[in-house]
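In structure tokens, one chain follows: the form predicted alone.
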Amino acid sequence: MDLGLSNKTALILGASSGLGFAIAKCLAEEGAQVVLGARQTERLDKALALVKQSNQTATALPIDLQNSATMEAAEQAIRKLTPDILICNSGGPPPGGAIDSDLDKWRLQFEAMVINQIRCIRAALPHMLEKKWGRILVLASSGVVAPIPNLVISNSLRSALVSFAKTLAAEVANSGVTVNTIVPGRIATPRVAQLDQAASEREKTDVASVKQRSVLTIPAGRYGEPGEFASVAAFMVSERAGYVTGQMTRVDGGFIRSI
């Protein structure tokens, strides 16, 4: 199936690793001109080199969502780039419970996970509206459907961005711009490995036991692969998905049991 991405420019936030990198690689393979957005680090350079193996047009754009002082420059760069596709993705916040999580961490993560991603969306949107074609896809978490224990900041702030996306979808739907959310279950990424490690330390058990317990809750019987998640994301931002907007799509192996 031709997804119609060969003439599109796609900016992927958080693209130096994990799900963001997987999406960047998948879109590059589909012929899109991908721009990897992340903090300018050695890891971003390595990710770009790997994506270029699939598509030499790939480039990088330094964007640090955790540094609000640099966001004005990032917004200007996005306006100049005029992406047709924007993948909104931020790193996960530290674990913590609702009773005792640090409020200073809430404030810092709210900037990175909500405000600064909204700034990126607003910077990309004028070009999409003018062209009457655009795709915005927000990466969330299963915690926005069924809150995950000890991840109160992630559950709460990702839900805020999902609500923003749903509101925006209705406002721009008649302009050829779609806005959707994609929800991963347990995908085998460094972030999930980090959470499994934190759980093992908290529970004073080994990581293998934590992972096995988690696998038992997944009807598919395994963690998902980043490439499987990225393939669904690629369809959501494709020419083919022009009548899909305001949706929350789960890629979770059946993990979320609610309808």
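None of these values were measured; they are calculated from a predicted model. Heads up: residue numbers just count along the shown sequence, starting at 1.
Only in words, not in the display: the form predicted together with a small molecule, which the text now covers.
Looking at 211-219, 26-34, 197-205, 59-67, the stretch with residues near the small molecule in the predicted complex, meaning non-hydrogen atoms within 4.5 angstroms, turns out to be 59-67.
In the predicted complex, residue 190 approaches the small molecule with a heavy atom inside 4.5 Å. Although the partner is absent here, residue 43 is a contact residue: one of its heavy atoms lies within 4.5 angstroms of the small molecule in the predicted complex. Although the partner is absent here, residue 140 is a contact residue: one of its heavy atoms lies within 4.5 angstroms of the small molecule in the predicted complex.
Of the heavy atoms in residue 15, some are within 4.5 Å of the small molecule in the predicted complex.
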